Each structure stands twice: as C-alpha cells, then as structure tokens.
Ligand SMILES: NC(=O)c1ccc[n+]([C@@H]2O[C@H](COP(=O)([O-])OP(=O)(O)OC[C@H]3O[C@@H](n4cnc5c(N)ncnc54)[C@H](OP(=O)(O)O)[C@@H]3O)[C@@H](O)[C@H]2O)c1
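In structure tokens, the next block holds one chain alone, the form predicted on its own.
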C-alpha cells in the first residue's frame, strides 16, 4: 500500500504503513516541553461529523475508511497522553463512542503496540479529559482503568465535582485561569512530564488549544461532498484572531482511488506563531 508524496518535493511513492510513525513525534519536543497535535478527517465540504438516526453526532460511514484509520492509529502510537472531552466519555457511557482510545488491540495494529514498547513507551497512552462542567460518568472512567486519567478544568470548578471524580487512577488538575486555555493545558501537562499529546476531540477543544497550545494539525480530506445542515467542522465558534497554518507535508492516496471512489489526501500543517 503506497501513497504519492506531493509536498515537500520531489514527488515519490511512499508506503502508507509507517508514513506518520516515521515522524517520531514523541521525540520532537524540547527538554521540558510538550508537542501537541490534532487529527481530523473531513469531507471536501468540511464535514467531520453528521447526526446519525438517533441524532448523535459522529463520523459518518461515508467518510471513515481503514487507510485513514491506520494513520490515526500511528499518531496515537506516538503519544504519551491523549486529549479528549467530557462529551466523548458521555458517549462512551451510552455505547456511542467511536473507539476506546487507541492504540488499537486488533491484530492489524500489533506492530504499533510492539513499536511503543521498543520506544520505551507504556502499552497505552494516558488520557486527559478537558472539561468545564466535570459532567463525566464514572462508569466511562472505569473503562480506561488500565491507564492514568487526568481531568483538566478551570480554577473555579466545584469542589464537590472534583471530589466525585477523584477515583483510583484519576486526578483533577485546575488551570490558573477560570477557563481552560491552550497555554494552561500545555503547562499542566508538561509539568506532569508528558512530551507528546494527541488531541482527538471536537471543534470546541480544537479552538481552545489553538490559543497557545496546538503545534501540528493532521488533516485527511476525503474527496467527497456530504452536504447536510447539522454538522461539525474542524473549527467552529469565534477566534480572537485568524490562525495561520504552514503546510508541512501533503500525500495523495492514489490506491484509495482504486478502492474508495474519489480518493483522499493526507496533509500536515504547523500552527504558526501569532504576530
């Protein structure tokens, strides 16, 4: 399975497996620093999720595909900790979550599990839940009891909610500011010793991280129009100012043209510092 590298030049074919693993993101942060990266798959008209028959937002089957999912798993394999939202854990409690926070345990991802161990990483990344409300079902937290779980919230979080969530293996960290912000999230996680963090939450968390937090954005763009008025995109809500992104790499998934009508592209962007 190969892809065609379009940028940076020269163009050449490269194997799909290992494409993102070769970035070694877990080793790219400066001493005492933290690299935060995010990943989305979007349609050509910007949809990352649509409501299902029950009104639950999720990645539609017409968008998801195994080739993109392989790269999703490779990004997960390089993370010390995965950043998600309380909404994800509420979905998990209802059996509506897309997955149980990879690295996947299926046979096809056994190479990634072995790679983590070879790199001195623990079997699974830890989990950080970003939440203002602290509305997180305890049953869902128990589903990730095999790893450390951090809950990141604002300075004025209710003490009773904090005490309710302080379970074995779960710690609640409060930002210095009333609201969670990218700089605060980065500071709290770096202080815990993490060096690579993979954000897999929705556009609200993405917007929060863009303010002083996010370093890299990985974006798969499926060459398909989905339509629909009730949808999520990679960015919703107001930004204090526009955020410039610098293209780092772009690959055309040629073989997807043979198996998936329209094909897709894999891109990576670096978040440029504000001016």
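Just so it is clear, the structure is predicted and the values come from calculations on it, not from any experiment. Numbering follows the first chain given and starts at 1.
Another form, the form predicted in complex with this ligand, is not on view; read the next lines as being about it.
Novice: Within 4.5 angstroms, counting heavy atoms, which one of the listed stretches 174-182, 155-163, 114-122, 74-82 is next to this ligand in the model of the complex?
Specialist: Single hit among the candidates: 174-182.
Novice: Given this ligand in the model of the complex, answer whether the residues 41, 49 and 203 all have a heavy atom inside 4.5 Å of it.
Specialist: Answer is yes for this spot.
Novice: Quick check on residue 195: any heavy atom within 4.5 Å of this ligand in the model of the complex?
Specialist: Answer no; every heavy atom of residue 195 is more than 4.5 Å from this ligand in the model of the complex.
Novice: Would residue 134 count as a contact of this ligand in the model of the complex, using a 4.5 angstroms cut-off between non-hydrogen atoms?
Specialist: Yes, residue 134 sits close enough to this ligand in the model of the complex that at least one of its heavy atoms falls within 4.5 Å.
Novice: Would residue 149 count as touching this ligand in the model of the complex under a 4.5 Å heavy atom rule?
Specialist: Taking the distances in the model of the complex, the answer for residue 149 is no, it never comes within 4.5 Å of this ligand.
Novice: Is residue 189 one of the residues lying within 4.5 Å of this ligand in the model of the complex, judged by heavy atom distances?
Specialist: No, residue 189 is distant from the partner.
Novice: Just one of 249, 57, 221, 65 has a heavy atom within 4.5 Å of this ligand in the model of the complex. Which one?
Specialist: Comparing distances to this ligand in the model of the complex, the residue within 4.5 Å is 57.
Novice: Heavy atom within 4.5 Å of this ligand in the model of the complex: which of 130, 127, 92, 141 fits that? Just give me the one.
Specialist: So the residue touching this ligand in the model of the complex, by this definition, is 130.
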